[in-house]
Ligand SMILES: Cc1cc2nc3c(=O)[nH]c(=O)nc-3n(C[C@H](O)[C@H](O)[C@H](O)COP(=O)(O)OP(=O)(O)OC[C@H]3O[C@@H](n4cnc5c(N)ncnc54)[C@H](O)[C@@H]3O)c2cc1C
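Quick heads-up: it's one chain on its own, the form predicted on its own, in structure tokens.
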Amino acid sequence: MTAHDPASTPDAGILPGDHLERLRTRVTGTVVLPGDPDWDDARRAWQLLADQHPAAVVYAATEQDVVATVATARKLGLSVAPQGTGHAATAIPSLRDTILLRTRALDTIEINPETERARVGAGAVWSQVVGAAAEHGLAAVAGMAPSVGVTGFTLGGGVGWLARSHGLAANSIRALDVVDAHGRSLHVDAARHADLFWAARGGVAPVVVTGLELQLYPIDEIVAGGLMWPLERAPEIAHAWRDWAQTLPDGVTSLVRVLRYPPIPEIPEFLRGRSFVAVEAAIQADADAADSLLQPLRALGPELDSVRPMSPADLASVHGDPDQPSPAYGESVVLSELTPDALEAFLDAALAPSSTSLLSIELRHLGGMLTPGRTGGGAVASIDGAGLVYSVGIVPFPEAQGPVRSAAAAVIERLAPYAADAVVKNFTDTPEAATALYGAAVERLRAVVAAWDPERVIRTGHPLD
């Protein structure tokens, strides 16, 4: 959908390409057009399965670059799709007639230890923010992958290592700096433009976010890491983990996963080509208390044990997500309850022969402050379910995509009898129906979008229509 008929503009006789050439002189950053030598690099996302074909790519260097890009797009009847890293690039159906607005250079970070807040530019990634916060004994409700963009993760809800104790990352947003569909720079919070503030937190942001103000939390040390056993012990370990997880306080977030490492040089030799069942955890307690909590799992004799006291900034190393762009495909499902039968279904799916094409199949323990009613917030403030299953595989060449997709779909199908209605946005790689993502909030979100961006100048993943 385009914003306006170009024929209605004063320069209707000038081709859009000429206007986009003019945009080069209006921004401090860089404009890349189809046919330019660096076009393929410019349109490439972190998610290498996304084949993006926008009308142009703008690397914004300043907020004014964002304003100029939105104004140009509006004049030409184009849309604007903001993108930091592009981890979720496949959630946008198409970039036809769209300027891809790269915000990566807007990566300023300011930590205020007195208010325990961070002001973060739209292009910052979590490794930058958690490191800066840790210098002041503070922690952010961050993602598990250090390379993920703060803005996309947080606006999409955000489930990380502090999830059970502090809820979704979106609930920690205290303010937003945005450029709206009319090119106006605005400061948005609970008192100013409250409808937009509500919609952006976990829902839909019909604006370009240029910065966020995030609440931080006084956590200077955490005990975290993983325990790993050979894959043949998966049933024993998974059931032990389930029993253990039922007893945990909200200050512990954990998961069980099946890992199949490919025999490639990038994998450490002691893991290369091997398969494991693993339990990973982040425990907000001192070392002695954490050791006591972990005793039932350590009594099972893990082959590898990397759990140790660490700075919150080091949590990014626990889950082992790639630090370089990758062609990964995944699917997820929320489980209503972590019953023994649901866990058996998880094991059946994870250990099935078809799952050998998947790198990881994990089950995260939800609950705690993720539980509906435990905290207020925006359009999506909680997850109504007890566990989140996410299966993912790497697609190193096109012919591998079919088996990986089939295997991921088979996991979801096996768990369907235990599935909740909830869908978690950050774990949904392809466009999902708005009712599944937002539930009862859909109509209010549509009203906010209609008020702020009726022409749909701003294009985001998982469109409402």
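Just count from 1 along the sequence shown to find any residue number. No experiment lies behind these values; they were computed from the predicted model shown.
Just so you know, the form predicted in complex with the named molecule exists too; it's not on screen, but the next bit is about it.
Checking Leu366, Leu214, Ala181, Val148 for any heavy atom within 4.5 Å of the named molecule in the model of the complex turns up a single hit: Val148. Only one of the listed residues (Leu343, Val209, Ala316, Leu297) places a non-hydrogen atom within 4.5 angstroms of the named molecule in the model of the complex, and that residue is Val209. Heavy atoms within 4.5 Å of the named molecule in the model of the complex are found in exactly one of 329 to 337, 138 to 146, 215 to 223, 245 to 253, that being 138 to 146. Ser391 falls outside the set of residues with a heavy atom inside 4.5 Å of the named molecule in the model of the complex. The named molecule is not shown here, but in the model of the complex it comes within 4.5 Å of a heavy atom of Ile92.
The closest non-hydrogen atom of Thr85 lies within 4.5 Å of the named molecule in the model of the complex. With a 4.5 Å cutoff on heavy atoms, Gly167 does not count as touching the named molecule in the model of the complex; it lies far away.
Contact annotation for 154 to 185: residues with any non-hydrogen atom within 4.5 angstroms of the named molecule in the model of the complex are Leu155, Gly158, Val159, listed in sequence order.
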